[in-house]
Each structure stands twice: as C-alpha cells, then as structure tokens.
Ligand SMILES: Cc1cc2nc3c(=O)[nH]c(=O)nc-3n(C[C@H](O)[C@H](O)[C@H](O)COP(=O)(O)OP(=O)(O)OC[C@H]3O[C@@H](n4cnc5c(N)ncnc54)[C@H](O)[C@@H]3O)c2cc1C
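Have a look below at one chain only, the form predicted alone, in structure tokens format.
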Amino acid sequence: MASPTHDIVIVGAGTAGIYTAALLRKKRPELSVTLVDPSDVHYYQPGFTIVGGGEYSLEKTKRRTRDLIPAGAKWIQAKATELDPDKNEVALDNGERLQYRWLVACPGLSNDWNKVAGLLDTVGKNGVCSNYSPDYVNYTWKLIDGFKGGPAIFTQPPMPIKCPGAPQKIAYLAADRWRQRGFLDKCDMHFMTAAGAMFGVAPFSAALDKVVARYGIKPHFFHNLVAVDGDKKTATFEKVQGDTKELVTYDYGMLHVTPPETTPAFVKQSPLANSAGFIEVNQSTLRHVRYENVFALGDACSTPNSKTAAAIRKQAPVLVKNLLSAMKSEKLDAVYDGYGSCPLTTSLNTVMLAEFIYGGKVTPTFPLNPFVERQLWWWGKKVGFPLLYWQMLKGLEFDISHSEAKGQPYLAGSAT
C-alpha cells in the first residue's frame, strides 16, 4: 500500500541518517522528514575498539533509537526491501511503500560473516572474536584478559570496510596490555591484511610500521582470511604473490576477525547502485549521478573516502546544503573534499590522529605533527570524541578547519 508523499525519506537511522535528519529539521522545520530503520538500538561504533581493549563498557556505546530521532521527524521502524527511484518509492518489509519527493540513502554496511567459511559457526567462541559486532566485542576483551601467550592473529579483509584502522588498533591494545603484564615476549602476534601496507595513506603507514616493530607484531600483506576451523583452532588465508595465489593455514590461540562488509541487498539490486553495489553519487556534491532527487552519504555511498563517523560529520552538512539548493533548483555549491579521520589507537594511553582527504592528502586540523602518538588524543578517544558524537546527532555543526600539510618538516620524515 502506498502512503502519502513525504518531502524527504531517509533510509537508515545510523550516524548519517540521524545527523542528516537533525540538520534538516533545524534548517527547514516545515519539511516532513521520515527515517526508515528497523533497529531499536543505536551504537557508538567507534567505541567498540576500546570496549574490546578493556577500556570502555559496551553499555556506554548504546542509546535507544527513539531517543535520538530529531523532534518533528517521523521514524518508521521497518526494514527497507526495495529502492525504486523511477517511481520515487521505498518498499518496506511491513508491506508499506513510501512515496517521496526527495530520497537520502544511508543504510550503511553489513558484516558478511558467511564470506569466510566456518566463521559464523565459531565467532564468539573457540578463541574467535570480533570488535565489529556488539554481539562479540565483549568476548574480545575476555580473550585478551585471559591470554597467557602463544599465537594471536588479527585480520583485515579487502576494502572497503568501516573504520579501516580498527583491525590493527585492537592488536596494539592487546600487545600493550600483554606488555604491561610482562609476557609480550611469549606472544606470537600476527597482523594479516589483504592490503599491501599497514594503512592506505602512505605517511601514516610508515609511522605505523614503527608501532608494529615496537610490539614485535609480524605483518603479513596480501593475506585474506577465507576459512576458520574453531575446533582445530586454525585460520586459512589466501595469499597473493603477483599472479599466483595459494592457501596458507596458521594455528591460533586467539583470533580477532574483521569480517568482510557489504551493502544491503536492496541497494545492490536497485538502479541506484554502481557495479560494486554502492550508491553512485558525485563525490563532491553527494547527489546521485542519474537521479536528481536522490542523495546519499555514509558507508554505503560510492565516495572513495575512509568509512568513518568523522567523514559523515563533514558529509552531512554538505548534503543538506546541496539538497536544500536542489529543492530550489539552485546550483549545488557545497563540496565534500573526502575528509576522513581515524584515531589510530596505538597503546593504552596514546593515539595517532590520522586526518586526510581525497587522494590521501594529509590534512591536520591542529598544528601538531600527526604522525606522533599522543596522550591528548587518547583522552579524545575515551571522553571527548564520544561527547561530540552524541551532540552531533542532535544537529550540532562543528566545522573545524583542516588543510593540506604542505612543506611541513614531518612530511619529510621528522618524528618530532
């Protein structure tokens, strides 16, 4: 059944959806804004790393979705099953078909546990954990806390994934915990990544190479997890060397898995998707390249930026400005430059704050060497950033300037 036409339908009530709705309600309260999302719990997912590291509680990351919906906006607690931009409709699993004038699509990414053979059967037990789900993050801490030595493996799948620094952050927290307890030398730590470097932005990758070396973690590049046997406690990887591929198997005592991630099926099957299954937008304006009344942001859109909450902080104001301009048939002047930020947690009291834009250009917000691990950013990770996040979801805009770090001594290799 079709419903009355809504001014704006937002598919997804995660970080992107709620922040966008809050901004729209502030700027144009007369517009009808409807959010579609089935989840009654909203998580501050950047906190999962330090939950798994034993420095934060899962309860602190949780809020009820209903408490975050902006005043005056409508929330339909249902799952989208189809996007039909030719009819300006969104189909829901409750049988309803929403008519819209404008669509904002931000359904996020989903963990694809089944893409790794045996993983779904063993994650959460048999020494296999993951910070990428609230269902298993406490088990990560249980394993770290109870570990006494032996092989510990941390994995990273092919991009894109949410927060691409998170797979290695938990390795550093585990290593520092075991160092403090005096048995790091008994731990055989491995970081297995499908990528060819520790991080996608070269200067930060070089800085992280030093962190890996400090802890004695062995990096393995072009290694993608394809199977887990929880009973035997083995992990099998596809190792790529040039044009050749081979399967290699490792024993583990603890295995932290970052699962492959995917866009929802209703996105992949829609006319909005590109060949990779992401919502195809102009990377600067965030407007869809074929449907002028469709915008998208967040993890499921095609912009080639790091998939982080910090990126959404910059995307949502751009999208809202451009959407309101489009409503008036005006030029879209607001530009998203690909900004992303990844607080790289390197110990139990230090963080390296990575900020960058499209093209991997380093763009610090503060006049500090970004390749230095600082206790200041650890405070931000545990206290400051969560506070800002919850305020952001209320519609707070804090557009702190960032700029490309040209000609700075630290880009030439200085570590001071």
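Source: prediction; values computed, not measured. One rule holds for the numbers: they count along the sequence shown, beginning at 1.
There is another form of this protein, the form predicted in complex with the ligand, and it is not shown here; the text below is about that form.
- Mapping the unseen interface onto this chain, residue 118 falls outside it, with no heavy atom inside 4.5 Å of the ligand in the predicted bound form.
- Put simply, residue 346 is far from the ligand in the predicted bound form: not one heavy atom of it is within 4.5 Å.
- Interface membership of residue 106, defined by any non-hydrogen atom within 4.5 Å of the ligand in the predicted bound form, is confirmed.
- At the 4.5 Å threshold, heavy atoms of residue 223 stay clear of the ligand in the predicted bound form, well away from it.
- Checked against the ligand in the predicted bound form, the residues 254, 123, 175, 166 give one hit for a heavy atom within 4.5 Å, which is 166.
- Checking 314, 190, 287, 162 against the ligand in the predicted bound form, a heavy atom within 4.5 Å turns up for just one residue: 162.
- Look at 277-285, 177-185, 145-153, 301-309: in the predicted bound form, residues with non-hydrogen atoms within 4.5 angstroms of the ligand sit in 301-309.
- Along 36-64, residues 36, 37, 38, 39, 45, 46, 48, 49 each place a heavy atom within 4.5 Å of the ligand in the predicted bound form.
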